[in-house]
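Take a look at the structure tokens below, where one protein chain is shown in two forms, each on its own, as structure 1 and structure 2.
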Structure 1
């Protein structure tokens, strides 16, 4: 007798997302923050960018300014932390490294979420999701939720259910949820909650009578394509279980690199902006060298604050570099082309550099007469290596030289230690 056919298991996609990532990263090293309303602030301690569930319960919204929240912080028991991107980046890298152990197919989508290719039956996939959740919690100390489905869009949707519905225990597998329950959940979820659909698209969909995710699932894909785009049609097909968004390969190149900061104290002199642009030019050089890139075009800009009642100015300049380069001297010189447009006395609140037309280093080696001696000697990587070992501000070129106590640098008055990347900031454990 012929052997029974073996059912081929189709690959599925797992979406893993760290819950309230910045807040969870802070709690990983400070257990006293557990259960307390916690927010992480934007640059210069401006406004809330991450809110713990307890902070959300107080009615705090993303973007609420800290100066308005501070007077009631003690009454609420609210804790605010300055952004600590070095800590968050390192914790993100640790999470992604752990996720990579569970699949050879990993796409890092953002600092706190990733897609994995997975295989197995319903029970095996649920076990895998629970194992991922437990492994990340045990080894890194941050909570994650896992959504598993045949498509990326459905995996994101399942993750949302896992996060907001305690019945799933933080792990939701599309095929493990009955059709009736899925339909009920889809009917209660606004179309705005779908990955890639923002407020403007939501309003256009509402005009067509599409208000919920279930409404969009039942819409005609061809009509959606004609009235919106092929991208929107793919979303409908993905919601129906047809994979249309492939796994992305790692991008080697980048379209642009932007190095921009707001000042904690306005800069009101040409010499002050010269120092700012010199420091940014050196740091942009280090960033290019780190990624093995060179830039052909540099744009420098500055801006006054639109919220202050004084004269406004937004000078900018675009410089075509003589050759693709990551040389800090050439980048700094190009950035200084902005200075003739800067006026003494104006209160500049922000400045930055944008590098475009990026190319891999040594992709087109210049002829010998046009070689840059500073790049040949590795000045940029040398500066970055010294800064990494001895701290920012320990070395610099020209106006970006050794400096301390600059009053325009970013304000982070409530920053926690960089526990995982600096020896002198390691957490201390006291034995009883």
Structure 2
């Protein structure tokens, strides 16, 4: 576990994530929510998915159903918000773009977290962590914590410490924490707190007498591999400071699908990226269909190569889809919204799509077959023309056309305005 001095100059990994992301995004536009217990609800206002620290202090758990909390909300001063994925998607895109300015190597890991490749001595790394934290707060208005360590698993762990121990001031660098302090913190952390270790694995580890992270660090990696898997062995090695979790390229989580790839040779033209995004749109569509899901919000991003000495760029765009969909044509068209930000001549090394506001396909009437038939009769361009002249939502096919009807399957009674994506829902400032 001890790090030789030479490690300090090796590339390290910073893990950055937004504290209570959905709640923080709500607060960024509504300061009256500051200091109040706040939860954000899942689709259909089902249960709490994000809790502010004040809500956690009330004993509210992730997954608590809203109908059980609602009767006591008034007494607690608890505010609940329906999920507002367009707002979260835009805030996320802003944060990721800012992070890209701080490192040539950026891996967007989820809507609210990313890994960055960083370099420098302890002082420089801590300073970078603080700069990232301050820049995101100043530009976007949401709080982040930063964990910096030689491996992804440790970087995530450091981030957790940064969040939970005020003494770190929101930035924790593994090598800057004394070995004694690290050991005592590891001994206090149960294994299930580690990235990638879920409930079932925890019970099997406990059977072997492995309860804390420190126990796991001291376990024999080979025994762990034989009893569990190579994946678990990697976790042990990562905890000991050996990087072995590579860049991940595809993940489907509770509420998002991320699809990204690095290219074997850089793509340097808008046309090239158009092709790449078209392929990803189709592949993402296939993934959604496989899981029986549709998405309402799409984020597309690209990144230049971090290993070449030329101009860097991290364009990203958040697109609100006209209806929840897994249609490859719609997803591809939406992904192409990134293209105006792409510049010919830059060496793009990576691109990706992130789909959020996911919901089961069954909720949606099958509109697409009809739409295709109408397209043939030239009704599509007509609809677009009418929309352009009289505003979006003024005309459309069936349920898809009516503004208030878009989310007719989805209960979102407590949604805040989509402050950054809809001209008629801008934040209001009082001149009084």
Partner chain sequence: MGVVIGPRVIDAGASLLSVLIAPVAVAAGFPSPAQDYFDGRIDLNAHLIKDITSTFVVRVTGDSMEGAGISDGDELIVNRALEPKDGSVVIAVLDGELTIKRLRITPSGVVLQAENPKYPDIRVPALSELTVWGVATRCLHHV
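For the two forms, the rigid core is made up of the largest set of C-alpha atoms that agree within 1.5 Å on superposition. Numbering follows the first chain given and starts at 1. Just so it is clear, the structure is predicted and the values come from calculations on it, not from any experiment.
A.B. asks: Tell me which of the two, 1 or 2, is the form predicted on its own.
C.D. replies: Only structure 1 fits here, because that chain is the form predicted on its own.
A.B. asks: Under a superposition restricted to the rigid core, does residue 274 display a Cα displacement of 2 angstroms or more between the two structures?
C.D. replies: Yes; residue 274 is a residue whose C-alpha shifts (by 2 Å or more) between the two structures when the cores are overlaid.
A.B. asks: Honestly, after the rigid core fit, is residue 159 moving at least 2 Å at Cα between the two structures?
C.D. replies: It does not, since the residue 159 C-alpha is displaced less than 2 Å between the two structures after the core fit.
A.B. asks: Core aligned, does the CA of residue 339 move at least 2 Å between the two structures?
C.D. replies: It does, since the residue 339 C-alpha is displaced 2 Å or more between the two structures after the core fit.
A.B. asks: How much does the C-alpha of residue 356 shift between the two structures, in angstrom, given a rigid core superposition?
C.D. replies: C-alpha displacement of residue 356 between the two structures: 17.6 Å.
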